[in-house]
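Okay, so here's just one chain, in structure tokens, the form predicted alone.
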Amino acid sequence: MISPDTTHPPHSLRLRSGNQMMAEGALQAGCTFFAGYPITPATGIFKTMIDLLPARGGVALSAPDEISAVAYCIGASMRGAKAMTATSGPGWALMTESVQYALMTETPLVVALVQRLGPSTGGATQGGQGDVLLAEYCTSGGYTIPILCPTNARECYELTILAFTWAELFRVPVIVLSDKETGMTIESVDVGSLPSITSQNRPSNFAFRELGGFRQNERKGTYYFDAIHEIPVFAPVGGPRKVTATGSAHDKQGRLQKNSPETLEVLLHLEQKVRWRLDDFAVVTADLQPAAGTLIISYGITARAARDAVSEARRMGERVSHLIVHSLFPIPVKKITQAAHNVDEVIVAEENMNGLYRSVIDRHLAGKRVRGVNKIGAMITPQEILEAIMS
């Protein structure tokens, strides 16, 4: 097992990019396997994992393409490893079939997706926040894939650790959705103050034996559950008993079935195990002002501009609240509606053409005036958000 890095002295400042911190967060989480293919602007994650992971007893591979990279990670995870890959929009498009396979087989997986300007090859060295819906709605059937979104290098570290915990505990693929500016900007990080936590480990048959809670799924299969929201106990491929891992519809033992009641229950379970835990997946930073008439909602790099705009608006006498959404999906509906409860209007700032995240949270803001600040090809400035607040 990889040991967490405890060599940093207290209050030691280091220059780090978001990509570097995402890789260091993965190492701290106990990641033992990485496979990737170099792609701007995610290559910093690839390089850091290639440089550091083997020295800590893990495996880091340069794959021939993105399809192979994610497939290697899924295979390693099925064997019991904590696995991560990293890519950007074009590579993500190639990975989506395999990500659906991870979802169907309930295989823990972390994908670092560093956004750039699209569509297609787009602008490799230009930032953007255009992959929000491409990342979330990549599955047939619209299953929820948890997505975390950092705004700075420190959060890249912390949210990557959280992504591993979610992936492991709930047996789901989890995306850490960054962007070019967050990933490639180098800033000061007090590495001595970083949390020393690691990620939790997936429940396994062996762990249940040790806890005296060994359950019947040793006999009934790696997908067995009693209640539809339960997390099946993990059994590794190549372990002491046969594991069937298929991307086809299957029963609780992994046997291919077509439209049987048990198979349909398994398919519903893939969504319900996430929906049943909505509050557990809600991560936001709320800066709410009493009697505010306007709420700014932002995420990623744009949240930093929004924070400055809100501060300036308050200096000018405006009453404005700000909500930074770190867990884009499942949508933290309760946190959003609470923040918007007493305001008249909501402004959603995001670096894409048509307001992608705004389009999916709008229905939860009934009765509010909802509008966006949007832009492509360049970052949204604090002044642009301030002008929206004042208009």
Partner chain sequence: MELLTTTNGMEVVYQKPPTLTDTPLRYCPGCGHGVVHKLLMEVVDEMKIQDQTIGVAPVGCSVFAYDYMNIDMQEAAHGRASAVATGIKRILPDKYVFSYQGDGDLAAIGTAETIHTVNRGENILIVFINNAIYGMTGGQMAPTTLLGMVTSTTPFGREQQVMGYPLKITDLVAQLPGAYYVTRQAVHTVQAVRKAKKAIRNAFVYQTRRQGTCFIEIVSNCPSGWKMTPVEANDWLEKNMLPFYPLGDLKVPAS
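Numbering follows the first chain given and starts at 1. This is a predicted model, so every value here is computed, not measured.
Omitted from view is the form predicted together with the partner chain, to which the following refers.
With the partner chain omitted here, the record of contacts in the predicted bound form names 57-65 of 25-33, 57-65, 341-349, 359-367, defined by a heavy atom within 4.5 Å. Contact with the partner chain in the predicted bound form, defined as a heavy atom within 4.5 Å, holds for exactly one of S188, S260, T121, Q200, namely T121. A residue is said to contact a partner when one of its heavy atoms sits within 4.5 Å of a partner heavy atom; F329 fails this definition for the partner chain in the predicted bound form, lying far away. Although the partner is absent here, G355 sits far enough away that none of its heavy atoms falls within 4.5 Å of the partner chain in the predicted bound form. Proximity of A71 to the partner chain in the predicted bound form: non-hydrogen atoms within 4.5 Å are absent; the residue sits far from the partner. The partner chain in the predicted bound form is not approached by K335, whose heavy atoms all lie more than 4.5 angstroms from it.
Residues are counted as partner-facing when one of their heavy atoms sits within 4.5 Å of the partner chain in the predicted bound form; in 22-45 these are Y37, P38, I39, T40, T43, in sequence order.
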